[in-house]
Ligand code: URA
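Quick heads-up: it's one chain on its own, the form predicted on its own, in structure tokens.
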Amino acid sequence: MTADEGVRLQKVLAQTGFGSRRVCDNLIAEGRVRVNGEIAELGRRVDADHDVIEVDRVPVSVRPGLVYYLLNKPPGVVTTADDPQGRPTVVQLVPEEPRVFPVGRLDFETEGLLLLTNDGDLTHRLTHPSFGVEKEYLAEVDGEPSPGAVTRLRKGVDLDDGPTAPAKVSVVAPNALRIAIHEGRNRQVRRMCEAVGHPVIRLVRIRIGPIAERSLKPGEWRELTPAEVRSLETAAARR
């Protein structure tokens, strides 16, 4: 790409939600913006499809056509793009175009917040345990967990695929727990609770990193705001 090709960097940042072009000019002038690892200068032009842009060392998704949906998944819906058994899927609850994919998964009966997007880079960072993005759940369980059971959950429990990482756990009712984890194993919270003798009766995801939403009814969705997308990118930045 020559100096006269591409789109001005401040325009790309403004379209992504960082503020006016003047605000974006200031970000660049302060040395807070990098393109392909190098500090950008005012007037820099970029190829949004290929250049890697960072603000304050946090990768920014700037490719055109990216969408981000937040869905309140109801029970009885499969977290996949297609189901051979013909069961309803989460992608059927959001617009058909552009095509999106779920970020991680919630099992068939688990409810709550689920992200769907066509941003593969952010999806990887949100789902890989090395980035440490928390997912928080409310779990109604069978019986009343003892302090010892809660301590086991906090420290990590042995599952058939290995011990879990420490979790944040609090008791919100005699038979209800708030559990935050950053791993994404299959049915992990259910298996953790069962391992300490309290099988899950109902499980609802209430937070994904910094994103929490109480107004969406089961089956409803909305687009994330640019500020929310940036907050996810910040949460999923490698530390």
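Because the structure is predicted, anything quoted here is derived from the model rather than measured. Note that residue numbering follows the sequence shown and begins at 1.
Note that the form predicted together with this ligand isn't included here; everything after this is about it.
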Exercise. Are any of the heavy atoms in residue 121 no more than 4.5 Å from a heavy atom of this ligand in the model of the complex?
Worked result: no
For this session: Verify the contact flag for residue 107: yes if a non-hydrogen atom of it lies within 4.5 Å of a non-hydrogen atom of this ligand in the model of the complex, no if not.
Result: yes
For this session: Indicate whether residue 44 is a 4.5 Å heavy atom neighbour of this ligand in the model of the complex.
Result: no
Problem set entry | residue 189: touches this ligand in the model of the complex, heavy atom cutoff 4.5 angstroms | yes
Exercise. Taking this ligand in the model of the complex as the reference, which of 60, 28, 70, 203 has a non-hydrogen atom within 4.5 Å?
Worked result: 203
For this session: Sort through 99-107, 83-91, 146-154, 163-171 and report the only stretch with a non-hydrogen atom within 4.5 Å of this ligand in the model of the complex.
Result: 99-107
Exercise. Is any part of 136-157 within 4.5 angstroms of this ligand in the model of the complex by a non-hydrogen atom, and which residues would that be?
Worked result: 137
